[in-house]
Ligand code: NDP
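What follows is one chain in C-alpha cells, specifically the form predicted on its own.
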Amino acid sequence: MAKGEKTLTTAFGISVGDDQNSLTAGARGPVLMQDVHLLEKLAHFDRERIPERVVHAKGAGAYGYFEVTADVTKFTKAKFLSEIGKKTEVFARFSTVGGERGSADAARDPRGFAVKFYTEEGNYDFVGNNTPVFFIRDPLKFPDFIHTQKRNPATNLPDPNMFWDFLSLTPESIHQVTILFSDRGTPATYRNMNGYSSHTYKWYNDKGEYFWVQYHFKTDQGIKNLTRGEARRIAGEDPDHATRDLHEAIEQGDYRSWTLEMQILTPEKAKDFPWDIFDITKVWPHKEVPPIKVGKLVLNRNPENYFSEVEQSAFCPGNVVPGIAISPDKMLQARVFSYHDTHVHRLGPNYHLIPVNAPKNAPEKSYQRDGFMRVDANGGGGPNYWPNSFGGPEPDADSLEPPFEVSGDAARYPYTHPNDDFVQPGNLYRHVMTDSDRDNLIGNIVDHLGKALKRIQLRQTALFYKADPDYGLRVAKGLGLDSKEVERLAGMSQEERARETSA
C-alpha cells in the first residue's frame, strides 16, 4: 500500500499528525484555539444529531433552590455563596448519556447531573455526572469515544466490539469502566445518586486569592442502585421509571435534596499533590483533601411543560459567575466551547432567550443582535458595538479573575504524569468495594464483554489485571480466557498489547 493512502486527514484533506493529544501550552494546558483539528472534530460532532441532544438525550428536570449552609467567603466572592442562609432559585436536569430520547432510564450508563443557578450576577451552570471521573482526559478523543457508545454505522445496533475495542485501547478509561460496571452504573432513581463536577474548577475571593476546587452533591435520600437483573426487568416493565419517580415524588410533596460538599486545594498544596488535579480520570482522595459541607440543593417544583422547560433547557460549563473560573483541565476547556456550540446548533443562536435558560435575576446587557428566533426587543435603538459614547453597557474590571501562570511550547503532548491510570481503580476494587460489590462487578463485565471478540476480551482483561491481578483473573475465568495469556499481555506496553491483539 502506497505511503499516505491510509493517512488520517482533516475534512479538507490535510494530514493529521496526532489524533490523541490536543494542542496545548505546556504539558498541562490550557488547550490552544489554534488546534483546528480539535475544533473541526468537535464542531462536526456537535452537529451529528438533529434535533435531539447528541449525548444526554433523555432526561428529567425540576425547579428548586440552593441554600448556603457554611461561610465560604474566604474562598470565593460569588454573591450567591456570600452568606449563610442565602437561597438561589435553580433548575436541575438529570439524564442518561448514551441512549436516545426513547431509551430506558435503567440503562447501564453514566447519569448527567446539571444545575442552573439563577444568581444575581447571571446564570451559573453546574454541569456534572453521577461519577467523580470520566473515561478520557483529552477532548480530541471525545467524538470517537461517543461513537463507540452509540450504534454501529452499518447495522444500527449497539456493538460490544466497538464499545470494548476503544476502551481496551484507552487505558485511562479503566477507572470509569470499573465504576460503570459496578452497581453504581445503574442508579435506582435520579434521587438515589450523587452529582460530581469531576473537573477541577477555580474559586477566587475578593482579595484576588484563588483555590482549586471540586464539587460533590451528596444525595440525602441515600445511594441505591439496581442489579443487572433488576435493571433489565425495570427497563422492560417501565423504561421511564426514573423520570416518573422524580415527577411523582415532587408532585406529592416528597421533595428531593442533596448536600453540596467541596474539596478545596490551595495553589501551594496543588503543586506537590500526588495526583494530577486537572486529570478528569482521577479523584482527589478524601483522606488527602477532606470535603467540607457548603450548602443544600432542594428540588420542590415540577415543570409545567416538558418540551419548553426540560427539552429546551441548555447548560454550559462556561457559564460561570465572578468568583468561579475555569481550570486548565483539557476536557473542561473543550467543553466550554462544545456545549455552547451544540446549543447554538440545536436551539439556535438566541437559545439564551428561552425562559428556562434566561438569566432571571441579571437581565442580559450585551451587544449581541439579530439571529434566528430573536424574540425580545433586540436591543431596541441602542448601540450594537463597544466601545461607544451613547451610554451602552461597559465592562466591569471587578469581574476579572486573578491570573495564574501558563507556560510551555505549543505541541501535542502525551500524558506523562508519574502516577499511572491503574492505581486508583485498583484501590477502588481492593479497598472500597465489598465482596458483593466485586461479585456484581465481575458478573456485569463478563455479561457485556462476553459479547465482544476474544482478542478484544483479552486486551481489556489485561487492563483489569493491571489494576488488580484478582480483578483480571476473575474476569478471565468468567470469560473462559487463558489466565497465563492475560498475565502475559498485562506485562506488555500498551503499544505492544495493541499490536498483538489487532485484527
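The model shown is predicted, which means the values in this text are computed figures rather than measured ones. Numbers for residues come from their place in the sequence shown, where the first is 1.
Below, we turn to the form predicted in complex with the ligand, even though it does not appear here.
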If you check in the model of the complex, do 132, 218 and 428 all have a non-hydrogen atom within 4.5 Å of the ligand? yes
Please tell me which of 284, 164, 203, 126 lies within 4.5 Å of the ligand in the model of the complex, judged by heavy atoms. 284
Here the chain is shown alone; which of 175, 137, 191, 116 has a heavy atom within 4.5 Å of the ligand in the model of the complex? 175
Please pick out the stretch from 108-116, 360-368, 344-352, 176-184 that is in contact with the ligand in the model of the complex, where contact means heavy atoms within 4.5 Å. 176-184
Give a yes/no on whether residue 433 approaches the ligand to within 4.5 Å in the model of the complex, heavy atoms considered. yes
If you check in the model of the complex, is residue 263 within 4.5 Å of the ligand, heavy atoms only? yes
Taking the shortest heavy atom distance, is residue 437 within 4.5 Å of the ligand in the model of the complex? yes
Does residue 88 make contact with the ligand in the model of the complex, using a 4.5 Å heavy atom cut-off? no
